[in-house]
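First comes one chain, alone, set out as structure tokens in the form predicted on its own.
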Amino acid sequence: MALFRKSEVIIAVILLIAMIVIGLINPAFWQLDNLFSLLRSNVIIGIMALGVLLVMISGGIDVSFPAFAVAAMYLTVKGMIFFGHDGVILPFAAAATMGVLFGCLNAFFVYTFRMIPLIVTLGTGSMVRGFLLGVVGTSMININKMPDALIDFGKLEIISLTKADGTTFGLTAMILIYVGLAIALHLVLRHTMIGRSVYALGGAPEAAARVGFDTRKTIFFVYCVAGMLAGFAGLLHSGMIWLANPRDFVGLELDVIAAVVLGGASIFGGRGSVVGTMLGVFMLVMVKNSLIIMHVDTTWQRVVVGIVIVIATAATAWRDRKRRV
């Protein structure tokens, strides 16, 4: 069937099977509070994954987004405290704008000097994180100093339920933001000229330029949007966990890239989808969540993520090679 040739369908089937198997091994997986926690864990990594997806479709790679996210988050929270700002719209706009500026730096080096994106993003990420820790500071902002408006925003829930023992749990409203951003990116990629240019650039850069696509505009769009999503996700993360730690997100790039590749995006560019990425994020988070439920040591979680990256990348390379034959 043609339906089962689509990456998203295959991933969805594998995800469903994995959920059934995990549920049989540990029935606690199907408890509503665990499922709500699972969806909550998708939000930040999912928003960042949308940006990485955009970069990968264009034929690039980005490992600087965790540094951009933590810098935008920490500087914004510091600014909110300094100015005594009691709101969330302006801070989120500021964090997203910082992300855009950081992303613009990536795009400048990638386009102007034709540098390898991996090297560029390694350098800019290291530079931004080093500046943050060396100049701004390393002190953690705890809940007692966090802006109340940001905490209240992070507490918003769609559903709130009470257990038999009196404790409450709920489904975070932040999932709506994640889904909204995903829908917006899907529409841009599938129904706009800039979206088509991203796929064209990743598929064949020279051909994309010859048919009239502005590759400079596309590269800046890709890295700036990725930076914007990272900055936004960073501040959202701070509001959801009620603290701002300048050392956050270290090593997160592996999880995010693994999720995007697991979702069917090609490491060679030109292929990938928002739906596939969201499924990949859910699968990766679900596996890590299940390992925690089964009391597997955190060091083994890194082993699992590494295996996922290798297998998913090998499968993607095999698929692309098969299609070219």
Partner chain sequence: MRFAVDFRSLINRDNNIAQLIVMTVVIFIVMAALSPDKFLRYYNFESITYIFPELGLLSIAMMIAMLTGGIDLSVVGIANLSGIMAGVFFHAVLKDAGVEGGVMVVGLGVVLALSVGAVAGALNGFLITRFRITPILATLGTGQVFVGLALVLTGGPAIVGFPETWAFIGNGKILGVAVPFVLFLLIAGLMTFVLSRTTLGVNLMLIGSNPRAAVFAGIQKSRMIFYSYMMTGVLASAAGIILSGRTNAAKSDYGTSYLLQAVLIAVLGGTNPAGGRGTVIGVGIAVVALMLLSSGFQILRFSNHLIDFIWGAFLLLVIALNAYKNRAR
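By rigid core we mean the largest C-alpha set that fits within 1.5 Å across both forms. Just so it is clear, the structure is predicted and the values come from calculations on it, not from any experiment. Residue numbers count along the first chain shown, from 1.
In what follows, reference is made to the form predicted in complex with the partner chain, a form of this protein that is not presented.
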Exercise. If you check 184, 140, 119, 143 against the partner chain in the predicted complex, which one has a heavy atom within 4.5 Å?
Worked result: 119
Problem set entry | Contact residue in the predicted complex, from 35, 61, 287, 275 (heavy atom within 4.5 Å of the partner chain) | 61
Problem set entry | is_contact(residue 300, the partner chain) in the predicted complex, heavy atom dist at most 4.5 Å | yes
Exercise. Can you check whether residue 83 is within 4.5 Å of the partner chain in the predicted complex, heavy atom basis?
Worked result: no
Exercise. Do residue 307 and the partner chain come within 4.5 Å of each other in the predicted complex, heavy atoms counted?
Worked result: yes
Exercise. Applying a 4.5 Å heavy atom distance criterion, does residue 172 contact the partner chain in the predicted complex?
Worked result: no
Exercise. So which stretch, 65-73, 46-54, 257-265, 26-34, is the one near the partner chain in the predicted complex (non-hydrogen atoms, 4.5 Å)?
Worked result: 257-265
Seminar exercise, completed: Contacts from 131-168 to the partner chain in the predicted complex (any heavy atom within 4.5 Å), listed N to C, are 131, 133, 134, 135, 138
For this session: State yes or no: after fitting on the rigid core, is the Cα displacement of residue 31 between this form and the one not shown at least 2 Å?
Result: no
